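Here you get one chain, nothing else, as structure tokens; it is the form predicted on its own.
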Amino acid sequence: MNVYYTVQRTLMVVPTIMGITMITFFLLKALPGDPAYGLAGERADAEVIARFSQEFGNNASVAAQYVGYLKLLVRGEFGHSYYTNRRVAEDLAEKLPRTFQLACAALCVAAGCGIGIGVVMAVFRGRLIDRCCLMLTATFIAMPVFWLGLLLMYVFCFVLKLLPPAGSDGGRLMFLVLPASTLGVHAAASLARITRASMIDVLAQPYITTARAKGLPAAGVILRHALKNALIPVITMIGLDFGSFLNGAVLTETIFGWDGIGRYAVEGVFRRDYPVVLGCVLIGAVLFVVVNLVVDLTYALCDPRIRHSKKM
């Protein structure tokens, strides 16, 4: 793998994360209102509001508050929640594994179903199975995630009574099936169409015709020659989906009561709990940037032109 390319992509992570923290911090501070009113109540005395604001550090300038927040981050801290007074880092460490578990399960559903269906659609292009799959994937793409989640919950929980409707129960498989399927099926529909388009383009290349003329097995031509060269846009889509899963599938975690980062962030937004919101955004940004970095490095494994190039 090209060392220059790897170092260049890795060094870009730091300024990206710094920019995200700065924009998020100043946007939150620009919102109207004071979290002290939400905690003390709008009818509280001015002295109580001032005391809460002083405890939160809101009396200082926004720039000074941002510098103080950066000092916390350097020490590995995210501050304390305004409402629970718990360390945000502890809450994130508790909820991140659950979100990671949900993201991995959803990615398995999305990648397995999406790539498989996309390959079948490309191989049988224009036939009945291709048209039926195109209609099915278009339906799932157009269907909102929250509606799909409620539909799956109604069918499998209240009609068939096979799965629990909500909760996580320590990440047990029975509680993981529905939220992972909700995220994975929606992502698989988009992934299938991208795989189909990329495979159709690759299958029309001269080297595929040559491989077939040599008498190679059809499965070998499709899987070893065509699919590998069609993976670049597919890997990009998988990376974006996985990054969004890790950022916290807000609607899915809220609907199914999955105690992850997405649900934790929603609670922080409703309460105007700035340390919680900033912590969730920062962790989500780091995860998303790292996933995209891995995707960029994976390009070099799939495409020799990237692997052997000196400048990118």
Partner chain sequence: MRTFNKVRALLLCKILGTGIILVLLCAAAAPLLAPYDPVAVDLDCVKQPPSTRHLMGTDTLGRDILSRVLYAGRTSLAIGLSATVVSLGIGLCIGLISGYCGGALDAALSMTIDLFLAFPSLLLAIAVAVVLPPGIGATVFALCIAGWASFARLFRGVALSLKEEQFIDAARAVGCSSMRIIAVHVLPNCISIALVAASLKIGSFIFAEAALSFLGLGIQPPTPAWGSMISLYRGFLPSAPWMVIFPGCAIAGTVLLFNIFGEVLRDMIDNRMQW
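Numbering follows the first chain given and starts at 1. Quick caveat: nothing in here was measured; it's all calculated off a predicted structure. Between two forms, the rigid core is the largest collection of C-alphas that superpose within 1.5 Å.
If you look for the form predicted in complex with its partner chain, you will not find it shown, but the lines that follow are about it.
For the options H186, R196, H80, R98, the one in contact with its partner chain in the model of the complex, meaning a heavy atom within 4.5 Å, is H186. With a 4.5 Å cutoff on heavy atoms, V289 counts as touching its partner chain in the model of the complex. With a 4.5 Å cutoff on heavy atoms, Y207 does not count as touching its partner chain in the model of the complex; it lies far away. Its partner chain is not shown here, and in the model of the complex it never comes within 4.5 Å of any heavy atom of N85. Of the heavy atoms in T16, some are within 4.5 Å of its partner chain in the model of the complex.
Only one of 229-237, 114-122, 68-76, 142-150 places residue heavy atoms within 4.5 angstroms of its partner chain in the model of the complex, namely 142-150. Of all the residues from 92-107, none has a non-hydrogen atom no more than 4.5 Å from its partner chain in the model of the complex. The Cα shift for F26 between this form and the one not shown, taken after rigid core superposition, is smaller than 2 angstroms. With the core held fixed between this form and the one not shown, Q205 has its Cα displaced by at least 2 Å.
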